[in-house]
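This document opens with one chain alone, in structure tokens, the form predicted alone.
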Amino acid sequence: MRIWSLDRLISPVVAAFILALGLLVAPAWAQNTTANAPAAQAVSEQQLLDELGKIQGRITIPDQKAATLQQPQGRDYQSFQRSTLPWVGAVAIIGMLLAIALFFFIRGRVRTQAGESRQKILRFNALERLMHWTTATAFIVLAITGLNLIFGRRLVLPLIGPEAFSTWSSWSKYAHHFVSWAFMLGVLVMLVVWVWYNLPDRYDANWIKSAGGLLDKSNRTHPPAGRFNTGQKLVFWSVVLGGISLSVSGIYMLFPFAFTDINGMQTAQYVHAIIGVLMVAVIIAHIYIGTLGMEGAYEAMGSGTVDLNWAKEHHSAWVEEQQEKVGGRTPPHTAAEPAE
């Protein structure tokens, strides 16, 4: 009989014990490792976006749109709202202000060459002035409150603090919502009342060719124009078409998801924001030429009457039409100012 030594018996026993221990510990170790890093086995956001086009959760409320947590269009819109839109707005508005400043220092104020005649001719009646100022006031409120959404956190918040900015932004939102209806009504009335005077006519080509005489420092080049010259027609159609675009896109946002889905809502906001900042730039130019830029222009919408010499220089064809209506006599609604 062969006798085994003690050391030869121990080695196989130890090896078997270690092997058994490893088989028992390995699953527990692997389970513990996974528990410490649960994200290791989780599906990434990018995998969900690639597979489903969006990331969704489970909800119990009826509105299933709330189940969508993230989608590629949402990321694009966020980037547009935080980066692209502020740049577009800054370039449009600051660019227009710089262009106006440069024009003023080079050209100066457009003055009436013949001086005042002390005769006034009615340019806009009370209804037209009410329509203009209602629409203009509404637009200014909408512009200020709308720009707050774009630049408020960058410019206003550091100046007035978070509490005041929160209050200001809340009231701005309400003002924007309610005043928008006055603006929409004003644009509609404006279109009905003034569309006939803003159609293309035979004076437009010559006006464009000479830039309306605005670049002539001598003030001697004043191309004939009807009741509205080509520059005013461009502003009119910018306000009407831009106002309609703002109105339609604004209604989509005033009644969220009533007419479209989330993608349509984001498109409406793209349109509303871009058209809005471009219109702000156009109206800044309109305000300049109607006040500081041209002598006598503000009176047209202020009192409704303008000096007869001013009207002859800037709207000669319109003055002739008024004279023809009364057989070549003094235009109607014309009155002489008392001598001082």
Ligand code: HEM
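As the structure is a computational prediction, the values presented were derived from the model and not from experiment. In this text, residue numbers run from 1 along the sequence as written.
Separately, the form predicted in complex with protoporphyrin IX containing FE exists; it is not shown, and the next lines address it.
**Student:** Would you check, heavy atoms only and a 4.5 Å threshold, whether residue 291 touches protoporphyrin IX containing FE in the predicted bound form?
**Tutor:** Residue 291: yes, in contact with protoporphyrin IX containing FE in the predicted bound form.
**Student:** Residue 274 near protoporphyrin IX containing FE in the predicted bound form, any heavy atom under 4.5 Å?
**Tutor:** Flag for residue 274 set to no.
**Student:** Heavy atom to heavy atom, is residue 297 within 4.5 Å of protoporphyrin IX containing FE in the predicted bound form?
**Tutor:** Taking the distances in the predicted bound form, the answer for residue 297 is yes, it comes within 4.5 Å of protoporphyrin IX containing FE.
**Student:** Look up in the predicted bound form whether residue 142 has a non-hydrogen atom within 4.5 angstroms of protoporphyrin IX containing FE, and give yes or no.
**Tutor:** Contact check for residue 142: no, nothing within 4.5 Å of protoporphyrin IX containing FE in the predicted bound form.
**Student:** Choose from 190-198, 104-112, 205-213, 158-166 the stretch whose residues reach within 4.5 Å of protoporphyrin IX containing FE in the predicted bound form, heavy atoms counted.
**Tutor:** Looking at the other structure, the answer is 190-198.
**Student:** State the residue from 121, 239, 225, 85 whose non-hydrogen atoms include one within 4.5 Å of protoporphyrin IX containing FE in the predicted bound form.
**Tutor:** By the 4.5 Å heavy-atom cutoff, the listed residue in contact is 239.
**Student:** Which pick from 92, 251, 150, 136 sits with a heavy atom within 4.5 Å of protoporphyrin IX containing FE in the predicted bound form?
**Tutor:** Exactly one listed residue reaches within 4.5 Å, namely 136.
**Student:** Report yes if all three of 183, 279 and 287 come within 4.5 Å of protoporphyrin IX containing FE in the predicted bound form by some heavy atom, otherwise no.
**Tutor:** Yes, the whole trio is in contact, each within 4.5 Å by some heavy atom.
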